[in-house]
Structure formats: structure tokens, C-alpha cells
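Only one chain is shown below, in C-alpha cells, and it's the form predicted on its own.
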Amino acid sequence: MQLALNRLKETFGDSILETHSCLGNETAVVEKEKIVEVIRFLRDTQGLEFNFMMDLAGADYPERSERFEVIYHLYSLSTKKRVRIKVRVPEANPVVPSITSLYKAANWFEREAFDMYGIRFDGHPNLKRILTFDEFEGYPLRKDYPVNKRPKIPTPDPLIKV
């Protein structure tokens, strides 16, 4: 399966920041500006054909200069292979290009990462909270979110007739 990582390095050069492979798990860390091109390449290149986006998730590493990661898990239905692509994002400007134009499923996953971590996806068609309510303050999966914080849950006014 090193084929995918080798092809990425050949095609994108220094935009592939690092790669590793362990027990069939192939991972590449990519410059965030190149994520759409890299994902499109993995999806559309004959022999790779990662045509199924299994997951997109956020991760929080407060001790790093680039605090957040967006992790893409792709699968090829024809080759039965998987690949993991990571993008690192600083806390000061947590913005990554959206891949909703490549995979429809990315719509929900990107909204979830936005809602839970505050990572914004540039070009997303409807980036708004999906798991918490609109007035929710903060991002509950960030490691610095207060564990005992109890948000005020909006309730309907009993005097208003619906």
C-alpha cells in the first residue's frame, strides 16, 4: 500500500510534510492549502481510487504550535485499501478548505468538526452547528473546555402560543 504514499510524494513533493506506514495503516500529513488537490488526486487517480470517505474528524493537541488536526479517512472500494490524511491547523486561524465538492458526506463531518472544535471549513455550503444549539458557547471537544460547565439550555417561552 506504500503505493499511495509514494504517489503522493512524487506528485506533491514538499506539500507532503510527513508520511508513515505501520501494519497497513498509511498516513500522510499534508499542507492545508493542498488538501483539496491531494484528496482529489487520491479519489481520481487510476490505481488509487479512494472513492469512499469513511470519516473526517478533528483532534486537539493544545501543546502543539498547530493545535488542531483534521483527519480524513479514505477507502478504495476497488483496491480494498485505506489511507489517512492529516492537516494541521493553528489555533489563531483554524481554517481548512472544504472538501464538500469532492465528497457529499464531508458536509456533515465538517459541520461536526466545526461544532465540536471550532475548526472552520472555507467554502462549506452551510457551516453551522449540528450537534449543539445555536447559542452554545465554546467547543466541547477542545481539551481546555471546562468539564463541569453547564450550558444554559434555551427553552420555549410558555406564554408564547405555537
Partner chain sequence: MTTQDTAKPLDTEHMIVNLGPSHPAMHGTLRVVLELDGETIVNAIPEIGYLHRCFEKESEVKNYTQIIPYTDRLNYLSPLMNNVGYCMAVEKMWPLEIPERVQWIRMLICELSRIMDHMVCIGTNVVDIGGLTNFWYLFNPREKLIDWVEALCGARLTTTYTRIGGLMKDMPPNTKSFLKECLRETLKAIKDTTGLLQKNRIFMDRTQGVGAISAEDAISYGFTGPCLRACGVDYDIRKAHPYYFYNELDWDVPLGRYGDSYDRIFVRFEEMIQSCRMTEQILEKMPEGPIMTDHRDVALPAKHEVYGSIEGIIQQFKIIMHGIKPPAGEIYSYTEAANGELGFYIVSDGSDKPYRIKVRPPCFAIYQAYPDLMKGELIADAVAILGGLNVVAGELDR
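Throughout, rigid core stands for the largest set of C-alpha atoms superposing within 1.5 Å between the two forms. Numbering follows the first chain given and starts at 1. Since this is a predicted model, take the numbers as computed values, not measurements.
Below, we turn to the form predicted together with its partner chain, even though it does not appear here.
Using a 4.5 angstroms heavy atom cutoff to its partner chain in the predicted bound form, all of 58, 77 and 109 count as contacting. Using a 4.5 angstroms threshold between heavy atoms, residue 47 stays clear of its partner chain in the predicted bound form. Contact annotation: residue 116 falls within 4.5 Å of its partner chain in the predicted bound form, judged by heavy atom distances. Within this chain, residue 95 is remote from the site of its partner chain in the predicted bound form, having no heavy atom within 4.5 Å. In the predicted bound form, residue 105 approaches its partner chain with a heavy atom inside 4.5 Å.
Contacts between 112-143 and its partner chain, taken as any heavy atom within 4.5 Å in the predicted bound form, involve 112, 116, 117, 130, 131, 132, 140, 141, 142, 143. Residue 24 is among the residues whose C-alpha shifts by 2 Å or more between the shown form and the other one once the rigid core is aligned.
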